[in-house]
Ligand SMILES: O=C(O)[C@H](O)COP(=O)(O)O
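First, one chain by itself: the form predicted on its own, in structure tokens.
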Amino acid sequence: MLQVYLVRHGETVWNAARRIQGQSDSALTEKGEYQARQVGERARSLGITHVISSDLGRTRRTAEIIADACGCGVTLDARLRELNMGVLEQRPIDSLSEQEEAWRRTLLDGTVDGRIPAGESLAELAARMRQALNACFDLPAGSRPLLVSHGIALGVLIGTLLGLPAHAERRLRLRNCSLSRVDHQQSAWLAQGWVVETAGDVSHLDLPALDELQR
């Protein structure tokens, strides 16, 4: 059985300011660095052998802290990037017009072809995230990888592993530095292939997360 751990990056300046990041970037806050150290200590106890990260700055920094705790290096994979949010990237959520907010809501409310202009669809996101997950099969036998990615990206990945369409309503809360686990297995009582063992675990964090999902 292959176990793969999934971590959302630590809190960023723009998370706290309620600005849309997508594939744009902002640095981890002091709390975000602390969250990364805490999930790193949790990862150390799990026998992590590989840390694979989105190549965006906030995930890279989170991954570096985790990898240092686990005594391994960081491999970058652009397929783990956040959803491209097109013309709305870098914008404060509170500044959006009625039309722009409607575009944003199509990513959350189950709209089949939801997409922000000049951005990426959730189906496109799901396809590259599944490719990145399946690349773990190429690691040496006995590996226990940890992937560092983003809130919407990981939510879509976990949802599609559960059999939901990529555009399904967004109802899974993944806080900054939350930990999830998916297993590839053959069980008599589960569908063969990928299953979700845990999602959004924050028991290793001792401070409340301040991200856009709590506002």
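In this text, the rigid core denotes the largest set of C-alpha atoms whose superposition between the two forms falls within 1.5 Å. In case it trips you up, residue 1 is the first one in the sequence shown, and so on. The structure displayed is predicted, hence computed values, not measured ones.
The following text describes the form predicted together with the named molecule, which does not appear among the structures shown.
- Among residues of the shown chain, Ile152 is one whose heavy atoms approach the named molecule to within 4.5 Å in the predicted complex.
- Of the heavy atoms in Arg19, some are within 4.5 Å of the named molecule in the predicted complex.
- Contact check for Ile116: no non-hydrogen atom falls within 4.5 Å of the named molecule in the predicted complex.
- Heavy atoms of Ala126 never reach within 4.5 Å of the named molecule in the predicted complex, leaving it off the interface.
- Annotated contact segment (heavy atom within 4.5 Å of the named molecule in the predicted complex): 77-85, selected among 94-102, 133-141, 107-115, 77-85.
- Using a 4.5 Å cut-off on any heavy atom, the residues of 1-20 that reach the named molecule in the predicted complex are, in sequence order, Arg8, His9, Asn15, Arg19, Ile20.
- With the core superposed, Glu41 shows a C-alpha displacement below 2 Å between this form and the one not shown.
- In the core-superposed comparison between this form and the one not shown, the C-alpha atom of Glu169 has shifted by at least 2 angstroms.
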